[in-house]
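A lone chain, given as structure tokens: the form predicted on its own.
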């Protein structure tokens, strides 16, 4: 099942066209996306580094979560809304981008990592809250988060480039499959 027909329909909606063609709105949405990414990610990195035992080792994890949590949540919420608007502005190109697909996979994995962390080791935070070096499971969650968010940021940045766009043919078959390109058969070919 392909989402391409839905993305093509979405691209033809008046809101998508207006946002994509707007002189000011698209850049403002993109800027808000990047700025809230900085807010969320800056705090998430500090939290992950604390989970690794590298920074703020004298500060309890619960205190860090209490102080940074609301700001991280606010940054994440705005980042998700602006990210959805960026997709809405160029849905076909985004859907057919290897970088966008990689970003979505990494976002899902980052969400699963956060869910597993909060559903398991974080429930026992009282046992290790003051430890300068948290338990191994917390350190693994922190390291995994840092790696996944690095992939998300790099992939997100690469979406703007057209190295593997579907309209750049011919390109390797594996790239066409990974990007979901619909490539017409060669004219007069078999």
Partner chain sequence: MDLLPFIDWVASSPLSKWISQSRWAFAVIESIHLLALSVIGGSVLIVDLRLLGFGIRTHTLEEIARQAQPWFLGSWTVMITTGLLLFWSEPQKLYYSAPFAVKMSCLLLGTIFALTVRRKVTLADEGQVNAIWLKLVALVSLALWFGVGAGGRWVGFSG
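Residue numbers count along the first chain shown, from 1. If you're wondering where the values come from, they're calculated on a predicted model, not measured in any experiment.
Omitted here: the form predicted in complex with its partner chain. The next part is about that form.
Residue-level question: is residue 131 within 4.5 Å of its partner chain in the model of the complex, judged on heavy atoms? So residue 131 does not count as contacting its partner chain.
Proximity of residue 124 to its partner chain in the model of the complex, heavy atoms at 4.5 Å: No, residue 124 sits far enough from its partner chain in the model of the complex that none of its heavy atoms falls within 4.5 Å.
Counting only non-hydrogen atoms and a 4.5 angstroms cut-off, does residue 71 reach its partner chain in the model of the complex? Residue-level check for residue 71: yes, a contact with its partner chain.
My question is simply whether residue 159 lines the interface with its partner chain in the model of the complex - judged by any non-hydrogen atom within 4.5 Å. Because no heavy atom of residue 159 falls inside 4.5 Å of its partner chain in the model of the complex, the answer is no.
When its partner chain is placed as it is in the model of the complex, are 28, 35 and 43 each within 4.5 Å of it, taking any non-hydrogen atom of the residue? Yes: each residue has a heavy atom within 4.5 Å of the partner.
For the stretch 51-74, I need every residue with any heavy atom inside 4.5 Å of its partner chain in the model of the complex, listed N to C. Contacts from 51-74: 54, 55, 56, 57, 58, 59, 60, 63, 64, 67, 68, 71.
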